[in-house]
Every structure is written in C-alpha cells, then in structure tokens.
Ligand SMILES: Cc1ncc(COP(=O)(O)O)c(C=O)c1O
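Just the one chain here, laid out as structure tokens, in the form predicted alone.
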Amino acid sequence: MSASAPPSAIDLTALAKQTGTARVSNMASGLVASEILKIAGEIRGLVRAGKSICNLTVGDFDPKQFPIPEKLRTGITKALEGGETNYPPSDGLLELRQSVQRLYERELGLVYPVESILIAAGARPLIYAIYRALVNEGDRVVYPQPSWNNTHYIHMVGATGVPLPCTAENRFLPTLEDLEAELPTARLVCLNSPLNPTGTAIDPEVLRKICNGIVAENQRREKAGTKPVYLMYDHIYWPLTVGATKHVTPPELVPEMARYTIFVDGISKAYAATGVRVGWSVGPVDVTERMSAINGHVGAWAPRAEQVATAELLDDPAGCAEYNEKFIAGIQRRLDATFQAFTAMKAKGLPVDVIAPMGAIYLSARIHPFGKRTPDGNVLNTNEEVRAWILAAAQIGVVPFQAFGVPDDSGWYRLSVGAVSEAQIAEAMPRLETALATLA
C-alpha cells in the first residue's frame, strides 16, 4: 500500500496576523504589558549588537553565577529517569507538602496542618489563585507603592486597587497608620518582605501593629457577620535576608493572624531555581481548598519530577544551609559593592542616594540628575530619560520605580544583582560615576 502524498500547506500568515483590541476580552485588551520585560528586550538587542551591558534589570539569576543546588539538579534527573512524568495531584505531592510543613516548623516556628499547603508552578499561579479565591469584582485590594505586579492581578479580577504610596523613610513599606483608613473597606491587604523592588524588609514592630489592626478589624466584622480582610504575605525572599535583618511572619508576632494570612513562597529565589517552577502557599484550610480548585482547573501544577526533587532538598537542612551560606554570601558581596559605590558617589556630591540592602537581590538607588544637561545637549527631566541615558552612557540597565506602580519621577530605581558577576559591578560603577560627572 503506497503512502499518500501529504496535503499542500495552506499559508495562513495573513489571516493569523490580526490586530485590534475588539477581537479580545475587555480584560485582555486592558492588561498592561510588563515594563521590565520591555526594558529587558531593549538590553537583549544591545547585547546582540555586541554591546557589553551590566544588566541590573532582571529579577532572576544567571546560572553561571548562581547554579541551583546539586542535590536539586541530580534529584530532578533521577526522578525523570525513575518515571516521575505523569500528572501530580492537583494540590501537590503529599511528600512535598509534608516537607514544606516540616520546613515551616523547623525554620519559622510555625506548625500548620498539611491541608494548609498548596503546591503550584511557582509563586505567580498562587498569587492569582489568592486573588481569585478571595476577591470579588469591585472588592478593594490594598497594597504598597512600589510593589510587584499587584496592579495587574487587580485588573485581571476586576478589583478596586488602593495603592499606599510609601517612602524611603519607612523602607518603602506601609505602617498601620497608612493602612488604618483603608482597613474597614478592604478585602485583601498585600505585603511582600523582603520587598521586590526595594530589597528592604518590614520592621517587626511595624508588622505587629499591622497584624493587630487586621485582627481588630476582623473581630468587628465577625460581630457584624461580614467577610474578613485577609493578608497575602509574599515572603518568597525570606531566606535571602542579609546583614542584621531578621525575617518575621504575621502568625509569629500575632498568632490569631493564622486565620487571615496566606503565605506565598517557593524555591525560586531561595535556591536560584526560578526556572524549576516549584512554589507553595500556606494558609487557612478553607482558603487553600478553594485555591487548589482554581489551580486544578487551570493546570498550574509544578512538574512532578521537580516536586520529588524539591521534597528531598527541603528535607536536607544541613545541605540547604551549606548551599545558602555560599549563595547568600555571593549575593551580599554584590549588593554591598553596589551600595558602597553609590555611597561613595553621593559623598562626592553626585546626584544619587541609596538604601542599605536588607534582603532579596535588590538595591534601591536614587539617581536624580533632573534638570542637568548631557554632553550632547539633552536635558534629563524624567526617570525614563535618566534610565535611557544611563544605558547609553554607562552601559548599565536599571528599572525605574514606575515599573512597580509609582507614578511620579522620584529618581528611584531597582538594581538587581542576581544575573551579574562581581567583576561586572566593579567595572560598571566607575562608568556610572564618570557619566554623572559629565552632566552640566
């Protein structure tokens, strides 16, 4: 029997290249693309053109600088070779949920039932599930400004965003005084510590007061028979605190907060494993069950082999500590070098400020040569103009706080050190100093 000839290909290119927002949903048409990804694309183009850029934009790790733990790498390979390739349970492998349970008791002093723990493909599906499980259209979501991506999740669920402008004086994190007026009408409060984009961590007493405020508000609501206000506590960077910074959690400070707190966590940052895609949430069982149902329908599961390997990793505290000691030391050297360079520039009278790093892989730096003229005659008036000039004049990529919801041109930028070497930082900072010195 002879094989039949394959059908002739039909060129659908012209039909497929449709444009216009009328063809998609209102939500999709109004969803704003990531400003960080836009800047990253610009830098990739310069690199392809042969430019050497110190890329401080991406909240990621270069595997050449920070490889994942060897135990995790070999564990994934072993699990794949052992046939761990079928669907995992929609709430995650029991072995991994139990490992997370032990991790929280061992490292954070928090004892939760295994039913409180949900595994997903990184933190993002969990954040989306929290929004979907708790927030109805029109509900008010309170979040600090700057913060990462809350505006986009608010848009996707049709909520009402309530940004709280935060300043460097308060580590760019809110206080109870900032929150008090909004708590009576809030459905969800979002906190992230250590904070992306600033690399700062919340003060324990500030967090304690916020927690007491939430508990008091929920006691009032319970008497009135209305829904509580919840706290989404994204602490995925908690193992990456540096210096004397102490990470704290809401239930640690105010145990009653266990009823209202949903943690967002995972291995992405703690083990430089952003592409491995294993995250988890920990919270009240009733909320976790609904989040699990949501993630089950969208298939936001972490791959099975990666879950197997992560469970083995978390149950090796000595190995984790050995990895983290070297890993965090490398991050701190990069943060310290960048901080010291900005401190020295400020001492020389150059228009910069900087906040000492406290955690994560980020440094908050203020570069504010507003009103000054570049050697080619352009006047710098906005964050975006300064960002583009720094990229061209000093070959350094940074992200303005506008990418994190800040509306004004305050001069603040996020500098991320996870994807650069110490040598790149050492070479880049003098270039920035030289470029700033040329401004008139």
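Owing to the predicted nature of the structure, the values given are computational and were not obtained by experimental measurement. Each residue number is its position in the shown sequence, starting from 1.
Below, we turn to the form predicted in complex with the named molecule, even though it does not appear here.
Under a 4.5 angstroms non-hydrogen atom cutoff, the named molecule in the model of the complex lacks residue 174 among its neighbouring residues. In the model of the complex, the named molecule sits within 4.5 Å of a heavy atom of residue 124. When contacts are judged by a 4.5 Å heavy atom cut-off, residue 143 does not count as touching the named molecule in the model of the complex. Of the heavy atoms in residue 234, some are within 4.5 Å of the named molecule in the model of the complex. A heavy atom within 4.5 Å of the named molecule in the model of the complex is found for one listed residue only; from 192, 99, 249, 338, this is 192. Exactly one listed residue, out of 364, 268, 295, 116, brings a non-hydrogen atom to within 4.5 Å of the named molecule in the model of the complex: 268. The stretch among 107-115, 235-243, 165-173, 310-318 whose residues place heavy atoms within 4.5 Å of the named molecule in the model of the complex is 235-243. Contact with the named molecule in the model of the complex, defined as a heavy atom within 4.5 Å, is made by all three of 148, 196 and 277.
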